[in-house]
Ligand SMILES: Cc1ncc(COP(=O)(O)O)c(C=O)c1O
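There is one chain below, alone, in structure tokens, taken in the form predicted on its own.
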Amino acid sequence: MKVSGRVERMKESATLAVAARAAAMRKDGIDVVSFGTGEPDFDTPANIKDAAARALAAGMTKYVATPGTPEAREAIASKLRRENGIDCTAAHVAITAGAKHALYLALQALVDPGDEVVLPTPAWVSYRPLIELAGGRCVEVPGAMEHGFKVTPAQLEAAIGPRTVAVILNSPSNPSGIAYSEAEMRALCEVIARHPQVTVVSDEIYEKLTYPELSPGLRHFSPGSIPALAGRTVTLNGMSKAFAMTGWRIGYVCAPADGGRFLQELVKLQAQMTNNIPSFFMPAIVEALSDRSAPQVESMRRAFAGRARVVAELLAGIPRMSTVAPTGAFYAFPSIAACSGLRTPAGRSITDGHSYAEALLAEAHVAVVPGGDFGECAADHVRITFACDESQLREGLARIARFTAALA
């Protein structure tokens, strides 16, 4: 059967591929420590699950409007006004099948063939494929590790050209675990504001997972709150990470541009794809964004902050590894460049992050994600996810330390 060229050229998700391999090894009875998938190990808070169960029991099983119920959309809009300073209403919000779906819809609505999208890297593995699937060209802007994986305003200015239609910003970041300060984010936005044809696509899925305990004064900042950019910022978010709701597949997009016209066009595409997400999830969204969920969300955030401290300390003690201490999300992104040219006890050659990750899984039974798919600048890195309990984290990092020390 024929396969379209655009799909055939698309890369498989590196993170999902690693998770599948780790799961297959576990099925074979191998004790694998998996630092692959970015999925919180906590359960969804009970009050959120109960809200969905009550709606299901009450018969909320029919179609609703494609972008969601008025109550759920207003809950999101209220949250964005209150917490993010974004001037929006329910009419500017669409609820999607996960934040990845929100990104897909936004790029399809923004990008024509030949358009350019500027992407600071290292960056989440799905950004480039979804840009290219929309017919766009991805322009990478590398954030050097010695600069905390952050791009500078000068770098961003140099990357924007006449065909640039969007810049994707993601803070806190997957895969690096860094978060831009408000001043740093404002400086990047000042550059974008000088280019009226450019839209900001702000991926804020990790916004609640910032760690001022590790970086004093740090707080999340939304580009959509800047008046000069309010009309050309698309804000993406969802329930997966901070609320431990990955399997629910609930994302959302907010776009106040032109009184909501951009959002209307995006929803037109959504209606042809998925229509609404499960209707009985709508009350769960309202419940998740209520004050009743705040204590559980904060408890999970504190746990992740503690793990971030542990992983930074343990990685700092591993020779031949260097990293930037994470200040957000639940990732670390160490460089293994000093391991290049060495061999494992089993004779495998280490040339880059991919070969390191393959050998680590085969010989030490630890799953990490190789860095190459996170950007051209990241080939000598691996991503470690610390969305697991501390004992698992310590065991996996101890195996990594022994494996790396044994290279010769």
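Keep in mind it's a predicted model, so treat the numbers as computed, not measured. The first residue of the shown sequence is 1; numbering continues from there.
The discussion below concerns the form predicted together with the named molecule, not included here.
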| remark: Answer key: of 243, 281, 180, 124, within 4.5 Å of the named molecule in the model of the complex (heavy atoms) is 124
| Heavy atom within 4.5 Å of the named molecule in the model of the complex - the one residue of 186, 208, 150, 100 that qualifies | 100
| note | Here the chain appears without its partner; judged in the model of the complex, the stretch of 197-205, 109-117, 296-304, 218-226 with heavy atoms within 4.5 Å of the named molecule is 197-205
| query | Taking the shortest heavy atom distance, is residue 331 within 4.5 Å of the named molecule in the model of the complex? | reply | yes
| query | Contact between residue 174 and the named molecule in the model of the complex at 4.5 Å, heavy atoms? | reply | yes
| task | Using the partner position in the model of the complex, report whether residue 320 sits within 4.5 Å of the named molecule, counting heavy atoms only. | result | no
| residue 249: touches the named molecule in the model of the complex, heavy atom cutoff 4.5 angstroms | yes
